[in-house]
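Take a look at this single chain in structure tokens; it is the form predicted on its own.
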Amino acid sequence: MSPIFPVLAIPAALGAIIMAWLFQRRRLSPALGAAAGGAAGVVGALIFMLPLNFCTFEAERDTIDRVFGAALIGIGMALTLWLVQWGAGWWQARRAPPVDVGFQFQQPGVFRGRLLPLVFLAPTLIILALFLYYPSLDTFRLSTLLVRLGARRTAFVCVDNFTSLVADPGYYSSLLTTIGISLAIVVLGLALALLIALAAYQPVAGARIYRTLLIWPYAISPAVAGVIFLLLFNPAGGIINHLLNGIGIPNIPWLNNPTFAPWAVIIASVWKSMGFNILFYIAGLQNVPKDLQESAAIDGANAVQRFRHIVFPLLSPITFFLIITNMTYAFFETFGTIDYLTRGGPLESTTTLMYRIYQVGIQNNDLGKAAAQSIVLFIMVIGLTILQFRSTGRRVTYGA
């Protein structure tokens, strides 16, 4: 029997049951919800299965391929069912009787038609389509192919580029390296930036000059930061070892030892992002009400208590924003620093997921596997961002 029928029938049944229940909770017709949910389930399954030609459910495929295909169907179903749920809420809101507020308020600055705003948006949409959306879709296409850099012919390999990662111990090693380096960059970068911002915020002479000098490193590219710290951490004649020798400490193999090499990358990356973090923390400190700190000081709170209970909670929106941006920087933008400092070594101790994509796609000429790994990395960062919004985002304090 063809695998197409059960692949479509199961999502259709699940979608019908889920949407019938959701429509009933909204006091809408369960039959209408079942029909919409069944159609959405089929569409959700076809989003990924149609381009793949249902290859994950072929008889010769392994269990991991079928599990991967089921996961793709689940993702597609979640998207289409959410759209149906949103559409039902919008339609229900449109049917609700208007509330009489006693006066008519016309919002200024609203376009009367839809053509003019589309004309204004057209240049931006065209640029996004050519340089963002099309390359993203092409990456999905490449991830299902056996593609060699420079070769003209390609071969369809279904989801083998994804499922092969499950049995690749080197990929898990790169994953752990990425998590460790990224976590250190975020924690150390934000902690040091907050301490320096607190010192730079003090009213002293020449504050604007040294604040500018503190922010200046952010304008340097990661590659340039890698070159600078290559000179600093060079095991043979680096400045750091020269200073350590002056106080009686022997040379440290910063770039040749798997224990020290990740720390060289972390220090360089923290220095590179320090100016960005300091800039936002200084801006946040300027918005902390001074009367609250003065009231706490009158009540007997010392400087540490005032910082813990007043300043830091009011800086939580800035901290939350910086966690997201620094995490994105640690995952994606440390490539240039790693390439110039360690080139992923020694013994792959600094081979992050981003640098591994470069090794697989450019050095090993396997664009298909590199595309698959880039998609996995992208989904991972999106998942971590959503997790941050779901957990840490709820603890953010806005306002005094």
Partner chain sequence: MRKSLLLAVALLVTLLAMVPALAQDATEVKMWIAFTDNRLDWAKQKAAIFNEKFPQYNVVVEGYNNYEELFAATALAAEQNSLPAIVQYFEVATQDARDSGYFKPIAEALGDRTEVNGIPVNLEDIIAPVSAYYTLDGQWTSMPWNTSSAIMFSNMNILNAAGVDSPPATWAEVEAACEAIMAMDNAPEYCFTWPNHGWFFEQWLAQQNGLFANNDNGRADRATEVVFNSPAGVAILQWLDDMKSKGYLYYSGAQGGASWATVDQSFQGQQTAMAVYSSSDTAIYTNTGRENGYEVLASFMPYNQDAEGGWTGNLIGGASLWLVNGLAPEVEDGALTWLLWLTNTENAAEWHQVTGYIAIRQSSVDLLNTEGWYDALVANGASQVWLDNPAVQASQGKVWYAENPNFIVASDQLAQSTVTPATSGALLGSFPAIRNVVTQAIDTVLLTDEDPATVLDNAAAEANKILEEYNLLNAPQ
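Positions refer to the first chain, counted from 1. So that the term is clear: the rigid core is the largest set of C-alpha atoms that superpose within 1.5 Å between two forms. These figures come from a predicted structure and were not determined experimentally.
Not on display, but discussed next: the form predicted together with the partner chain.
Student: Report the stretch among 145-153, 312-320, 190-198, 204-212 that approaches the partner chain in the model of the complex to within 4.5 Å, counting heavy atoms only.
Tutor: Going through the listed ranges, the match is 145-153.
Student: For a quick test of understanding: in the model of the complex, does each of Ser136, Glu333 and Gly336 have a heavy atom within 4.5 Å of the partner chain?
Tutor: Not a single residue of the candidate spot has a heavy atom within 4.5 Å of the partner chain in the model of the complex.
Student: Let me know the one among Ser295, Ser221, Asn256, Thr328 whose heavy atoms come within 4.5 Å of the partner chain in the model of the complex, would you?
Tutor: For this set of options, the contacting one is Asn256.
Student: I need to confirm a contact call. Of Gln305, Thr124, Asn287, Asn251, which residue comes within 4.5 Å of the partner chain in the model of the complex, counting heavy atoms only?
Tutor: After the contact test, the surviving option is Asn251.
Student: Ala301: heavy atom within 4.5 Å of the partner chain in the model of the complex?
Tutor: No, Ala301 stays farther than 4.5 Å from the partner chain in the model of the complex.
Student: Please check if Asn234 has a heavy atom lying within 4.5 Å of any heavy atom of the partner chain in the model of the complex.
Tutor: Contact check for Asn234: yes, within 4.5 Å of the partner chain in the model of the complex.
Student: Might Leu230 be said to contact the partner chain in the model of the complex, defining contact as any heavy atom within 4.5 Å?
Tutor: Yes, contact at 4.5 Å.
Student: Using heavy atoms and a 4.5 Å limit, would one call Arg343 a contact residue for the partner chain in the model of the complex?
Tutor: So Arg343 counts as contacting the partner chain.
Student: Align both forms on the core first, then report whether Tyr134 has a C-alpha shift of 2 Å or more between this form and the one not shown.
Tutor: After core superposition, the C-alpha of Tyr134 moves 2 Å or more between this form and the one not shown.
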